[in-house]
Structure formats: C-alpha cells, structure tokens
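Only one chain is included here, represented as structure tokens and corresponding to the form predicted alone.
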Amino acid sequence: MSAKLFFDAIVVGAGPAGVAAAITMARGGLQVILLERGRFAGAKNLFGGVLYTHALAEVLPDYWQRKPPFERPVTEQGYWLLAPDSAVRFMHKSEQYRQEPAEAYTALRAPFDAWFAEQAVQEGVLLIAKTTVSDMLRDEQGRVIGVRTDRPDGDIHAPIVVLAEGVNNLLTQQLGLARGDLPPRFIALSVKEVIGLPAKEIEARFGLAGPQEGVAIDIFGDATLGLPGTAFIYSDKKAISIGMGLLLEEFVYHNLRPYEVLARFKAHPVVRPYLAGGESLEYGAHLIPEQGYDRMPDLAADGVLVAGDAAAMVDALHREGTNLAMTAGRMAGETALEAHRQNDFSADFLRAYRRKLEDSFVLKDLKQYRRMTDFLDSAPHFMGTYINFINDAALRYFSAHGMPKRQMEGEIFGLLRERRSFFGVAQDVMKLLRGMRG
C-alpha cells in the first residue's frame, strides 16, 4: 500500500483565486499543492479582458518586476449606448491613467494565468495540472481532510482545502455549501472573439497614441438585442477583444444562438469599421455566476474555504471578477495561515474569512448590487426602451436646426412618452435605485 500524501494546504483550481491563495499560503511557510484540471493554468479560462492591478499588488507587491504578460494599459474607458443605427458614447480619458504601472490593463487569460501560476511555483507551490478532483475526503465527524483525484493513488490529505473550482462548483455543492444547479436566470453566458490587427491599425482606429495607450468599452442596448446583458470591446497589443453576454434564460426564452448574437453585434454599423480586415485568432465562451450576494454559497466549513467564481464573486455591473477572485483568494490564504497558527480548522474559526471579505470591497459591493439581476428580470424592456430613446433624443437635439428649442424639447419628451408612461418611468427609476442600493 502506498504512503499517504500530506500537505499543509490543498488548492483546487489554478485561476486567479486559487493561485492567489496558494501564493499567500506558500509565502507564509506552508507546503501547498495546487491542482488544475486543465492542461495548464489558464487552458480553460476566459474573460472579457480587463485586469485591475490593485488586487495583484496585494498578492505580489513586486509583480511589476516579474513582467506580467499584460496587453495594453487602459488609458481610456467608458460606455457606448447602442441603438440599431447609432451610438451615444460616454468615454473618459485622463493623464492619470498613464501612470506605470497602470491601475488597469487589458489581458488574455491563457498567458496571464500561466504566468501567475508560475509565480506560485517560484514561491514553492507544487502545481499539478491535468488532474481532476472528484471528491472530498472527510473524517468520521464529516470534517474535510483532503481530496480524491482521478490519478492512481490520488488521495491527497491536508487540514485545509481552498476550493477555487470555478462556476461549475460541483465540490462546493457536494459539501452542501451551495445549492444544486442554478436556474438560467442566475447564470450568464459570455461569448468572446479575439480579432488580430496590426498594432498601428488598432491605434489609428481608436485614436491611441501608441502601445502605451489602450481602450476599454462596455456596451449596452442593441449589442444584446435590447435584452438585459452587456457587450465589450477592448484593445490588445495586436488584436481587439470583442464579446457579449446574456443570462442563459434570455438565450433559451428567445431561442437565440450565442454565436449569431455576437455576429450580429460585430456587423453593427458603428462597430464594423473597428474590426474590418481583422483575422479571427480565438473564439470561446464562458459561464458567469450572477446569483448575487443573497444566493452565494456558504464560504467556510470544517477544513474548507470557497473563493472566486465558485463563490459567485462577480460584479458584472462594474466588469469586476478577477480582482474580486484574487482578493478573496488572498484572504482565504491568510485565514488558512491563521488556522495553522492556532491549529484550529473548524468552521467556526474559518468563518473569519467571511468577516475579512465583509470588511473589504468584495462583499460590500456584492451586497450593494445584490438586487440588480432581480431588477433586470423585472424590467426586461429597460435597456432597449431607454437606450433607444437616448439615441433618438440625441439625434433630435443635434439636428433641430432652424427649429425653436422649446419645440425641440417638446418633441424629445414626446419620444419618451411614446415609449413609456410617466408612471412607468417613475416605477423604472425606483426599481433601478433599489437595485443599486441593496
């Protein structure tokens, strides 16, 4: 019989949350094993494309000297409100975005995750890829004491396990920390394409001065057929990342094919010129948990902590996910270190992890916006109605030459009344405010 394999800590999943936890624990002196089911860290990961450096700096203060594989610094960012044949744009460009290192960069997950995992290896973490964790090991009292993998003699023991397994959180469900499969209204599907273009062409199309500048655009309205969802365009070094996301229930209810919705968005007359002549380099899809604060899994049990997408740590309204994941992973690692110092791996002790998160922006923001999904579900017309109105109002405003301004203003208000009653507008505003204030 082979000898048992013991570590101080096990991390399941080599995404941002798992790697952040592994680095934090290894730097604190623990022997850590990091298990990843993909061929390499990042092989199965996809995201829109903006990474915030504040969370990375809290895990690796010297990250800049380690030369992370970023694409471009985000020096201009904002929103497009897309109607079928027009767009109203709210963009912000500032010299303060041009600091080095910048506060945000566009990035591609495959190279970034591989680099981040390599930093963990350099800190002493044992990274094992192509390994699936099939079950949790528990003692007679039901406390987690390790994991079972698909490798021969694949049981690994440790007093603490950090689950950063992603949106398909089967292990978290096995432990009873999460409900079963979420209904389609709480899961979004994002589809993304990376389109190659020469750097000079990208810079000319987006008005960028050079590789030291980049743009991040979030897009609402016609990009998702006026349905509750978002789209994006981000500039990479030699490519444009473009994509869109909708709740699964919208795809099902409206019988939509994700690739067709993306193709329609790419063909929009405002969007198409930015992509012209480009070469498709990468295409993929990713599920995003959007159940919100009130439906998050329990984050701690005897011998286990949950972080990242597995714990529904996504703020879709502000395109934040990786920074929440890294922050949560770091705090999970800190909690594990404290548990080792106290030799206490009970659920009661490990709940200090949630208290750390409650004191940080992670749970404060998720709590504040916990009703946004419910709001969009109760007002599915919101994006189509108001974004089309804003575009029509802008057209009337900027083309009302020779018309008395009072008449022009009256016509704009008439455009709104055609779409929504005064009572309906007031109702929508109240719902929106409730959705944004928890």
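In case it trips you up, residue 1 is the first one in the sequence shown, and so on. Computed from a predicted model, the values in this text were never measured in an experiment.
Form predicted together with a small molecule: not shown, discussed below.
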Handout entry: Triple contact flag Pro73, Leu82 and Ala231 to the small molecule in the predicted complex, non-hydrogen atom at 4.5 angstroms
Key = no
Problem - Location of the small molecule contact in the predicted complex, chosen stretch of 57-65, 376-384, 396-404, 28-36 [non-hydrogen atom, 4.5 Å] - result: 28-36
Practice task
Using a 4.5 Å heavy atom cut-off, state whether Val12 contacts the small molecule in the predicted complex.
Solution key: yes
Exercise for the section: Mark Thr53 yes when one of its heavy atoms lies within 4.5 Å of a heavy atom of the small molecule in the predicted complex, and no otherwise. Expected result: no
Exercise for the section: Using the partner position in the predicted complex, report whether Leu287 sits within 4.5 Å of the small molecule, counting heavy atoms only. Expected result: yes
Exercise for the section: Indicate whether Gly166 is a 4.5 Å heavy atom neighbour of the small molecule in the predicted complex. Expected result: yes
Completion exercise
the small molecule in the predicted complex has a heavy atom of only one listed residue within 4.5 Å, and of Ser190, Gln119, Gln291, Gln77 that residue is Ser190
Fill in the blank from the handout: Residue within 4.5 Å of the small molecule in the predicted complex by heavy atom, from Thr335, Asn323, Thr224, Ser235, is Asn323
